[in-house]
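This document opens with one chain alone, in C-alpha cells, the form predicted alone.
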C-alpha cells in the first residue's frame, strides 16, 4: 500500500498561493543588495572608484569578511574577490540600501580598473587540473599489446543550466549576536557551516532556515553557501535585514552549471571485435574554482563503463581549471556526461562489428555477483534482461531499429535505446565518515507526530514521501504527521538533499524511528526518538586506488526514444519516449511518475536543444529566450513503467530515484538521430544545426 498515491503534503499551500518563497518575505527596515561583478576573466584589480553614497546606503567587500572563503569542500573561492578576479561575474563588492532601484543605480556607478592577466577560456586550452584521479584494474598494458585492433573515439558534452523556476535568493538577519539566513536552498547545514567559517562564528550563533524552494536540480546545493555568506556579513555589518535575489539573466550568467566534459576512449579489441580493455582519459571543465568538482568527477569516473563488464580498465580523470563561471552540482552529478559517452561508444563498436547495438551491449551487461568497475560487488538482483524485454514490448525497439536503416526521402525516422544505472547515496564512505546523519521524531501529547530532518522539499515531494513512511509504520492517518521546512535551530543534521540519498538513507532512519515510537507508545505523553545512521559494511572504499564498494546498491533504467528528422531543416520531433525504471519500491507512484517524466524531459533537453556556449568567458545564452529548454509543446506523452525490485536497506524496499531518471534520455536521443541519419554522433546537444552538419 505504500506506493498508492496521496495528495501531496504541500499541495494546498502551493495551489492556493499561501506558500512563502524568498521573494515573499518582508521585514521592517529591510535593505536590498546588488553585487558589483568582475568584467574580466582574469585580471588584477588596480583600483576601485566608489560613488558617493546617500545616507542609509553602504558597501560590503572582502575587508568585512573575517575569513574570506566559501567553505564547500575546500574554502578556495573567496566571498569577494580581493586583488585578483578569476572569472567574469565574480563578486567584487556589494552595495546595500533601503531602495532597490537606487542600490542598482549605485552599483552601476562603481568603476573598477583592471590589469589583464592571461586567461584560459575553454576545456581544450586548459593544461592545469585542480583535481586528478588515476586508477587501473586488470592487465591493461598486456591486453593492448595483444589486441588485433585499437579503436579510439572522442566524446564531448556541453553545459546544462538547471533552469529552476525560482532564481537564487537569500535574506540575512542579525539580532542579539546571532546571524540567521533564510533562503531558497537544498542543504541547510552546508550553508550554516559556510557562514560559521566565513564569519568565524560559533555554531550557536548561526541559524539557517529553508524558505519554500521553487526547484533546484543541484543548483541550490553549493551556490547558496555564497549567498548565505553575503547576506550574513551584510546583516551583521548594518544590523538590519538584508535581501538579495537574482534576476534570471544574472542567475544564468554567474551560477554553477553542469560541467562540460571531454572523454577519450581507447578500446583494445581482439580479432572477433570483443573488448579486451579500455584506456580512458576523462576531463571536466571545473571553471575558476574547484567547488564540488572533485566529487562530481568521482561519480563521472564511476560511470565510465556504464552497465558493462570490461575485463581491464585504466582511467585518468581530471577537473581542468578555466577562467570561466565555476561549475558544480546538477542532477546526475557527472554521470549523464559519462553515460552519453559509453552508450554511444558501445553502439559504435557494435556497428564496427556488424552487430545490432543491443545485441552487442547484452554481451557485456553486468549480472548479480559481478565485480563493479572498482572491484566492489553487485550484490543485489539486476533485472536488466526483464527491463529490456519490457522496453521491447512497449516500443518495438529492435524491429524499428532494423526497419529504419537505409531510409530515403526528406523525413527519416530513428530509434535509440540506452541502458544505465545510478549508485544510490554518497560515493564511498562519505555517509559514514562525513555526513553521519541524525534524525529526530517526536510524538506530541495530542498524538501528532513530527519528523525533524534537515532534508528539503524543493518540488520533488519529499515532505509527502517522508510522511508516508512514518504514517505507514505508525498506522496513523497521514494528516497526523507534521513536517515543515527545516530550521537548523530545530532539526538535527540528517545530511543534504543530494545524491539520491533522502529516501533510501534518511527514509530508513524515519522507518526505524517510527518503529521505536510505535513499540514504546504512551498515549497523551510527549515522546522523542533519535536515530543515527548505521553503515552497511561491505568492501571498504579506498579513494586513493578507486577500489571497493562505491555504493551500497544501484538503481537501473532503460530509455527508448523514437524521432523523425526533417533533413531539409534539421528539425526533429519526438514520436515516442519510453522509460523502464528499477527504483526498488516506489514510495508514491504519482510522485515517482513526476520524477520519471520530468527527468527524461530534462535529459532530452540536454541531448537536443539546451545549447550553452562560453564565448570569451561570458555565457552567451544568458536568458530563457536564448537558452532553450523543452516545454510542454515540445514533448509528447511518455510511457513509463516501474519494475518492482525491493532493496533491504531502504524503507519498504525503496532505492534512490531522482537522479536516475535524467541519465538515459540524452544517449537514447543521440542514438535515435544516428539511426535516422546513418551518421555517428559524438557530442551533445544534437541541435538542428548539428543535424544539418551530419547531412
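Owing to the predicted nature of the structure, the values given are computational and were not obtained by experimental measurement. Residue numbers count along the first chain shown, from 1.
Same protein, other form: the form predicted together with a small molecule, not shown, and the subject of what follows.
The listed set 216, 95, 600, 195 contains one residue whose heavy atoms approach the small molecule in the model of the complex to within 4.5 Å, identified as 216. Site annotation in the model of the complex: the residue of 171, 550, 558, 462 reaching within 4.5 Å of the small molecule with a heavy atom is 462. In the model of the complex, at least one heavy atom of residue 331 sits within 4.5 Å of a heavy atom of the small molecule.
Heavy atoms of residue 621 never reach within 4.5 Å of the small molecule in the model of the complex, leaving it off the interface.
Interface residue remark: residue 467 is not counted as part of the site for the small molecule in the model of the complex, having no heavy atom within 4.5 Å.
Using a 4.5 Å cutoff between non-hydrogen atoms, residue 137 does not count as a contact of the small molecule in the model of the complex. Partner contacts here mean any heavy atom within 4.5 Å of the small molecule in the model of the complex, and among 174-182, 67-75, 451-459, 482-490 they occur only in 451-459.
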